[in-house]
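Only one chain is given next, in structure tokens, and it is the form predicted alone.
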């Protein structure tokens, strides 16, 4: 345990030293600027060298902050959950009996398709962020291709997932109570947690994945295709390179949030509650788990004589 923490701190220190340096910016008068949309053109070099506000911000973030933040957030989340597991441990519920059927086979297939998409997208995203440390080359290029495949898979699973879980994922008063007691995860005891079919943590992950996913797809497409024409840019005095810079900044910050919440979702599914993942395999949740961790949903089912 001590060796792992020391290794993490060592890597963190390695990237933290980048903060102290100065940002190498190209002077604005180094190259004449000629407006234009197409990157693959005679204007490409001028547009790239002509640093405007977005260019300076992008370079500053790219040189000093993106890798540091990705590393810090990821390690921070992993350390928090490791400490939670060692100090508090997983919750255990009785799994005797048939349980409560909550997920149809269609919902499970869509969920696993989306899960596979994130398993492909997030690690390959990290590989591209830390491409320099990985030596670049074919490995990082392959990661880019796999990243694109994962994105297509997410797009395919997006619409059915959004439609089938839109209503139960809407906010409710239970969510406020859930956050106030942090879902009951800070105690070893089994406590009654106010939550519907999905708790506030699951809802937060859903909305970040869905709404953030739309923005991630759009910004990722801009960076992937690059050479496209948008006449609306002229109205705002922007060049195409500026739009791609904004897309890259947005994509990276959203990527941090998605990565952190995906790790959280994995921990909650695999470790925080024993047997929780079974519901996404056979469709059934333990009645004991539903009674405590989704008490409002349990009361609703009891009232409707469904259990």
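Remember, it's a predicted structure, so these values are computed and weren't measured experimentally. Positions refer to the first chain, counted from 1.
This protein has a second form, the form predicted in complex with a small molecule, left out of what is shown; the following refers to that one.
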Answer among 160-168, 176-184, 87-95, 74-82 for heavy atoms within 4.5 Å of the small molecule in the model of the complex: the stretch 160-168
Heavy atom within 4.5 Å of the small molecule in the model of the complex, from candidates 119, 221, 152, 192, belongs to 119
Exercise: residue 70 in contact with the small molecule in the model of the complex, heavy atom 4.5 Å: no
Would you check, heavy atoms only and a 4.5 Å threshold, whether residue 270 touches the small molecule in the model of the complex? yes
| query | Going by a heavy atom distance of 4.5 Å, is residue 252 a contact of the small molecule in the model of the complex? | reply | no
Practice item. Considering only heavy atoms, tell me if residue 206 and the small molecule come within 4.5 Å of each other in the model of the complex. Key: yes
Candidate spot 210, 262 and 277, all three touching the small molecule in the model of the complex (heavy atom, 4.5 Å) = yes
